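Two forms of the same protein chain are encoded below as structure tokens; each is given separately, as structure 1 and structure 2.
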Structure 1
């Protein structure tokens, strides 16, 4: 019988040097969502120019936030085995900046990045437990 190793990492995924390249069969992650205000500071710490664009050029800030995530996706890609899976929990964002309400399509940016790295896009399945506690 083949043995498997399971590891949960609760850390910044920008540097996964302790994991051998091509050794991971499944990645499940829920990164910060670009253009959700509660995560602005996290992105700005990693790429300070985001702050200068956020209120005047929000799509530029959105792209810069995805640059941060793209560096992580490239690191994750190094670790994923051939035919491995990457499952990402991320939603699109809506935000009002300077009185202008807008949707920011995070899922599209992530799909674009993974397709450019050679991944196949698979359908998603989402379940939510709406059972009332007794």
Structure 2
């Protein structure tokens, strides 16, 4: 039987120097979702200027949150092998800030970033659990 080696890196995904460049065939990840309130703090810790804009210029805050993710996507890109796959679990956000309801389209931002890095977009996969409760 083939043996596999598993290594857990508990660290900022924007710096994956332990992983050789071009060595990863498949990345599966679920990042924090920009503009979903439960992830605000984690984005602000990584980019404190987000806090200044969140209530006054929320779209600017949204862009800054994606800047945090974009640093990670650039690091992921370095590690992915030619013809490798990147699967990202992401949802869009809807939010009312100062009485203004808006959608923040996270999937569009991520697709735009990967296209800019030369990736081909594949169809979305949406999961639905249709199992009946026991």
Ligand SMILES: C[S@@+](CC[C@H](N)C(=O)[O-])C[C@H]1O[C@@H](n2cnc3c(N)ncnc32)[C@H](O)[C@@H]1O
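Nothing here was measured: the structure is a model prediction, and the numbers come from that model. Numbering follows the first chain given and starts at 1. In this text, rigid core is short for the largest set of C-alphas that superpose within 1.5 Å between two forms.
- Taken from the form predicted together with this ligand, structure 2 is distinct in origin from structure 1.
- A movement of the C-alpha atom of residue 122 falling short of 2 angstroms is seen between structures 1 and 2 when the two forms are aligned on their rigid core.
- Once the rigid core is used as the reference frame, the Cα position of residue 112 differs between structures 1 and 2 by less than 2 Å.
- When the rigid core is held fixed, the Cα atom of residue 12 travels 2 angstroms or more between structures 1 and 2.
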